[in-house]
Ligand SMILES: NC(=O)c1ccc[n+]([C@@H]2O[C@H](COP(=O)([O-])OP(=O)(O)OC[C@H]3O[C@@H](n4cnc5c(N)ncnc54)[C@H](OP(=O)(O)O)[C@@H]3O)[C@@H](O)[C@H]2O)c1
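Below you'll find only one chain, the form predicted alone, shown as structure tokens.
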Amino acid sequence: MRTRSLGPGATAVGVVGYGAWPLSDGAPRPREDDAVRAIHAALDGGATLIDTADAYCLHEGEAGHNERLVARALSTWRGPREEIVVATKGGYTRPDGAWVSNGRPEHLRRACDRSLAALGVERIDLYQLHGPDPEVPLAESVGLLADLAREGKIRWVGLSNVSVDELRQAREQVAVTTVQNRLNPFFREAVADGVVAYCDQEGLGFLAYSPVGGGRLNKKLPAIAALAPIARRHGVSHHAVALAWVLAQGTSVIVIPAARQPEHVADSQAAARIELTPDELATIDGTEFSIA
């Protein structure tokens, strides 16, 4: 699989990573053995970045479920573990299944320690603030990440769901390696708001989450007529075309599609083998992707 730099001073990773969240959060949750097979399929297909989070679970009582699942999959995979980057996140809690921001330094420190234990590692490869907490100054949350990096608990720092201004502010306190924001043909705010362009300019990795729309929207892709001839020309699915479009939005972009089944993993990874032409990109740019 072709690769791109994860960010300043970081390794290169496959342009199609793997988002592990649906293995733990949402219904139907697959059996654990099936979930491990899906992760192994991603790794066997060339993915070298796995994205997880402590909050990828059904409720607060099982926080770290997804991280533990990733750890199990890696421990039983026969490939070169040292080549795999695991990215996790802290900054949310899941009381009664709700999503509640918590960017307080004391919470992030506890969350990082729990993630270290769940992943079974002494240092987390990439630790990301899951999103700014509107009740906590961003400088306090980022300051704690800087402390964790100095203490050797995390190797690289990432931010998720941030604006360019928030990113600039954070970089005054700590070396930021990656940004993880939503980007897909339905939601293009990361391009429109300049976050992707900023990452390209500064050499930061941009991790595109929900790269085919997520939830119900990805099911709409096969019905979008403009994608059909492009998919036929390249011999791939509508979903792979959408992923290729996301990858083409910037030189820093890495996609992290999710999949519960090995065949869906392979379908996503096909996007790494194709390059859309300028005319094909213009066609997708000009197509309305309705969220209704």
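Note that residue numbering begins at 1 and tracks the sequence as displayed. If you're wondering where the values come from, they're calculated on a predicted model, not measured in any experiment.
Just so you know, the form predicted in complex with the named molecule exists too; it's not on screen, but the next bit is about it.
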### Query
Any chance G213, I256 and S268 all have a heavy atom within 4.5 Å of the named molecule in the predicted bound form?
yes
### Query
Quick one: is H65 in contact with the named molecule in the predicted bound form, heavy atoms, 4.5 Å cut-off?
no
### Query
Would T177 sit within 4.5 Å of the named molecule in the predicted bound form, counting heavy atoms only?
no
### Query
Are any of the heavy atoms in R260 no more than 4.5 Å from a heavy atom of the named molecule in the predicted bound form?
yes
### Message
Taking the named molecule as it sits in the predicted bound form, is V13 in contact with it (heavy atom to heavy atom, 4.5 Å or less)?
### Response
no
### Message
For the interface check, one of 117-125, 169-177, 145-153, 204-212 should have non-hydrogen atoms within 4.5 Å of the named molecule in the predicted bound form; which one?
### Response
204-212
### in the predicted bound form, residues of 54-69 near the named molecule [heavy atom within 4.5 Å]
Y56
